[in-house]
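Each of two forms of one protein chain follows alone as structure tokens, named structure 1 and structure 2.
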Structure 1
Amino acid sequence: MPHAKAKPAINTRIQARNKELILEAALEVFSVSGFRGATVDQIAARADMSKPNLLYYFRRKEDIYVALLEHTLSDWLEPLRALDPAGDPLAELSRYITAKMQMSEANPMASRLFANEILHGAPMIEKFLKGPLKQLVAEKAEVIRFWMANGKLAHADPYHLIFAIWAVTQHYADFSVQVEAVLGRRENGRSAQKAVLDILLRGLRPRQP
């Protein structure tokens, strides 16, 4: 009998599909309960899978969590990356803020996942914060500073401006329970968007156009 090859990667499609299902379920569970609050049981149940089967795809609970963070970290930065030095400053910032508000509305669970991770000291993504994120923000802060120096934008600290944009836009995802409790209703995405743009950008119009 000719040498039987070591088993090749069969059913890669099923594997990919199941990994997707697990990550999807895990996002729902982790974003509600945090890393420690979530149990593998809950994730398995939501993914319609037995616990051992789930642990066949991801050996440890932590592996699912890390995969989930990595899976979305890059998307998260895309709108900031898109800030174009050659564009009109107010239009660029407006586009950025709108994109962040839409991300908060479309995927509040991802926002809460990150919020939770950072709130707890960012043990898993510390390197990302101090590396790629710091690097990108430095670059874009320079762009904003350049706009201000050229009189196209009123002066303000670029770093704190970026923090303010993050804080306000993510607030609607992370603290939606509070927002809805205070307003007494489910927040309307569009009206919040309009109000936020107004509050954050009005003060940035240059003095002498």
Structure 2
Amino acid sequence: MPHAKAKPAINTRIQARNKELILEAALEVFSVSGFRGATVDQIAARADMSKPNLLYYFRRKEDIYVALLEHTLSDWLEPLRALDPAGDPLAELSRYITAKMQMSEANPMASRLFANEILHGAPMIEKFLKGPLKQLVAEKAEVIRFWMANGKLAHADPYHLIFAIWAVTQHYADFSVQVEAVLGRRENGRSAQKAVLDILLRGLRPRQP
């Protein structure tokens, strides 16, 4: 009887792992074929599971696509959530920018898939953007505004600062071919991070009295 109590936890772990496998497979398929060209059969084959088994977790291709985008967004937003109002502003922003660049570099396919969704008007994740994303950005904009009001950062529009961070940090994933073409080489991650930190944070340093 004691073993029976452990089954739900085991099943939950298996289910979570299977969902993760499906999303990993879906990212590869959507990245190659796009949303319209991708099929549930392709995703199931890539995940090495039967189509009925996959449909147990996700009823439609649209559900997989939305879950993948929301999962990507949730991961990307975690460093933003971690901005500590009590921390040193430049150190907190430096950590956030570095984390974003590392995540984009580590998973460029997810970055490009998300960018493509936005370019098409974000029909699948509009509710997420106008709900959880908007609320989180508003909360962190207030943190940045608080730092500025207390003389810890130079004054700037906190929303547009966040937009600028997003644009720059994802540029190296979404436009890696362009970066490499202009530089004539593949940019070193650490070198890019150093340059971006210097450019973005230099103007935020508070003026010394």
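Throughout, residue numbering runs from 1 along the sequence of structure 1. Take the two forms, superpose them, and find the largest set of C-alpha atoms that agree within 1.5 Å; that set is the rigid core. As the structure is a prediction and not an experimental result, all values here were calculated from the model.
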Query raised in the report: Looking at both copies of this chain, which one is the form predicted on its own?
Result: 2
Report summary line: Hinge between rigid parts between structures 1 and 2, from Glu117, Val143, Gln170, Leu73, is Leu73
**Report entry** Rigid-body rotation of the smaller part between structures 1 and 2, in degrees
**Finding:** 24
Report task. After lining up the core, report the Cα displacement of Tyr56 between structures 1 and 2 in Å, one decimal place. Result -> 8.5
